[in-house]
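A single chain comes next, written as structure tokens; it is the form predicted alone.
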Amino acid sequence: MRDPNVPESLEGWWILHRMFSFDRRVWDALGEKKRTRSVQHAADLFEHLKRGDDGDVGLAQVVGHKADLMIVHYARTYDGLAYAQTLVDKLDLCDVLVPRDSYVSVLELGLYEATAKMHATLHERGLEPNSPNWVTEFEELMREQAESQYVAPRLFAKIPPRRYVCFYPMNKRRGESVNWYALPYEERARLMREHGKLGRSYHGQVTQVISGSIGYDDFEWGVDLYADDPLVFKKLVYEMRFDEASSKYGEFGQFWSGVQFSPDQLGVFLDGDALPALAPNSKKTSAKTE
């Protein structure tokens, strides 16, 4: 049943964030041959998972005590996430990595405005809601949304190749006095429209990847921010605190932030003698998702 009170969404990549702590002293105590072999096997796997159109991998050195390494997997299917997780768990490198947290979600494009327009269009055509003809035409309108020139590239864009990354999960509040889901559709749409305007004001400075996690993890959405200047994260998140959709209805989980680096820099990260780099030519292969 298509409820006109529930906004539709389009889904793309399945996404798995994994956070690990890393014991550098144990790593340094390993023999050079074992370290070299472990690095090569892991780097080869990450490069393999990045190739083609079936997935992607992002690596980041996390700043702070909550974790040391964040691995972000993109996959076309939920099974693909499970397979990528299994392959990583079999690496020798996992002998020195301790899982600290994880987050499962699916890339999501919300359709607040489009959902209302589609319901209005079908009403104008005189179709009975949820009748066979109504469902058929609604699904066709959804297909047109998914295949539009603006939407389609965003559903399966590669991980933004920007130096700095920030990830956090969030909910819409469902408390006794304030409940996002009890608001009328038009009010929620208005708030999200204003919220979106604020996000778009940072176009070019930050790339946002929003993923839905209802039914998959503890919060309702995951938010990834990518930028070339980490100060942008503070400015954007702080300004959004004053936005009504966030100030009244937003609840936030833990934040993780760090520096992205290329798989061939994994050894640099592990040895810790320098900061691992993000290959500059990787920017040529990623679609924008602002």
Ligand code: 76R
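Don't overthink the numbering: it's just position in the shown sequence, from 1. Because the structure is predicted, anything quoted here is derived from the model rather than measured.
The protein also exists as the form predicted in complex with this ligand; that form is not presented, and the subsequent description refers to it.
J.: Heavy atom within 4.5 Å of this ligand in the predicted bound form: which of G199, P153, G80, P129?
T.: When this ligand is considered in the predicted bound form, the option within 4.5 Å is G199.
J.: Quick one: of Y168, F219, Y103, F138, which gets a non-hydrogen atom within 4.5 angstroms of this ligand in the predicted bound form?
T.: Contact residue from the list: Y168.
J.: Just to confirm, S246 within 4.5 Å of this ligand in the predicted bound form by heavy atoms?
T.: The answer is yes: S246 has a heavy atom within 4.5 Å of this ligand.
J.: Though only this chain appears here, would M142 touch this ligand in the predicted bound form if you measure heavy atom gaps against 4.5 Å?
T.: Heavy-atom contact with this ligand at 4.5 Å: absent for M142.
J.: Verify the contact flag for V206: yes if a non-hydrogen atom of it lies within 4.5 Å of a non-hydrogen atom of this ligand in the predicted bound form, no if not.
T.: V206: contacts this ligand in the predicted bound form.
J.: With the partner left out of view, is L91 within 4.5 angstroms of this ligand in the predicted bound form by any non-hydrogen atom?
T.: Output for L91 is no: heavy atoms all beyond 4.5 Å of this ligand.
J.: Which one, 42-50, 25-33, 246-254, 55-63, holds residues whose non-hydrogen atoms are within 4.5 Å of this ligand in the predicted bound form?
T.: Heavy-atom contact with the partner occurs in 246-254.
J.: Any chance V6, H119 and L122 all have a heavy atom within 4.5 Å of this ligand in the predicted bound form?
T.: Not a single listed residue reaches this ligand in the predicted bound form, so no.
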